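There is one chain below, alone, in structure tokens, taken in the form predicted on its own.
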């Protein structure tokens, strides 16, 4: 690249601005084994620069509020009219308050077939040393993910979970926020050994501005169910990343429910490295007013006989904006791939927007891949059908919206969790029906 070309000058300016921003940061204390891994993440960030709206995968979402030196203070939004999440589910609770692990509010971190430690205090183990930052670094090509590198460099806390057996009791990571000005940068590591199985639940408002990275390494035949609920904290600014490597016959299902939020961007990068792997990523988002929600997903098929699904549904009203960017990459060796991608929005008025960028990149010749994206309003014929049978209009609209979201919820395999999600969706729709 010519050093005097406009592109080179823009890159130099970005790197200079990023380095100036890095110079203002004070990395938190961390275990000694993580120090060189954090330094490598800082080097990656300095080389690529912080994201800008001109970047291809940021064109629909302005990253300025994510990269600003200080987040705007946001009131703590307290929910008093609905029960806490998963109250009827027997689970192991790990609580973070304002981004810091809260041992007094958490359950003892012990259980058969599972090992749990806290990132800020974790002793060195081969698996944690080899995993921390490794999948994030791998995910930087072909699309740079500078916010993930920043997280690796600056994570203040998180959990390290190693699973050696089938854990029937879900691990529930609960986020609580009490400080209107709190920021949080959390980094979780998951290592599922051969044949292991885990359900991981995440829920609650993390902070006024938060960054969460999950790096998950699934060995052959391992199974991970991941369910994240981003609740009614309508002023939050958040970016999340899920990075996962799947071995042969491994299965991953990840579902995210988002309700409101000033700016939320959820990224996922998954690699199907072993034959017969299955990766499903799904999400349901409901937004009203000053709501911007972005799902950006990249799934790479690198081995034969694998299956992937991307199912994203958004319900938007009153100037809310929904974004979906999804890609399926099928490499030459990944014959007999089954890839499916659907992104749809339901616009409850004429002022909301849905912006979609579905992509397929296929180098194998024996595959079954499809993608589609649609946006529209509630079907008048379906509404008339219900009204003609005596269903009140508000209830009829609610039923149609729930039916629209059902395909995304179908990715949740535990029935009691689906019921909890449906109750919260119904509650949101009832509150925002006028």
Partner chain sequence: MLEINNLHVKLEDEDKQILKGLTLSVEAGSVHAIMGPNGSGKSTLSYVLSGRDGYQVTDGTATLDGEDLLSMEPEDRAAAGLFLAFQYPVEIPGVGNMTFLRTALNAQRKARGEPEVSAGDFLKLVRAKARDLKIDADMLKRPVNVGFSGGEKKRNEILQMAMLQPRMCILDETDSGLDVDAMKLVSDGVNALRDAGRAFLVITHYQRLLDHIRPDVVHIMAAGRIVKTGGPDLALEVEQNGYADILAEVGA
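Residue numbers count along the first chain shown, from 1. Just so we're clear, the structure is a prediction, and the values are computed from it rather than from any experiment.
Another form exists, predicted together with its partner chain; not displayed. Remarks below refer to it.
Exercise. Where does its partner chain sit in the model of the complex: which of 42 to 50, 27 to 35, 62 to 70, 380 to 388, heavy atoms within 4.5 Å?
Worked result: Among the listed stretches, the partner-contacting one is 380 to 388.
Exercise. Does the 4.5 Å heavy atom contact test between residue 393 and its partner chain in the model of the complex come out positive?
Worked result: Contact with its partner chain, yes.
Problem set entry | Partner proximity in the model of the complex: residue 367 to its partner chain, non-hydrogen atom cutoff 4.5 Å | Residue 367: no, not in contact with its partner chain in the model of the complex.
Exercise. Heavy atom to heavy atom, is residue 400 within 4.5 Å of its partner chain in the model of the complex?
Worked result: Residue 400: contacts its partner chain in the model of the complex.
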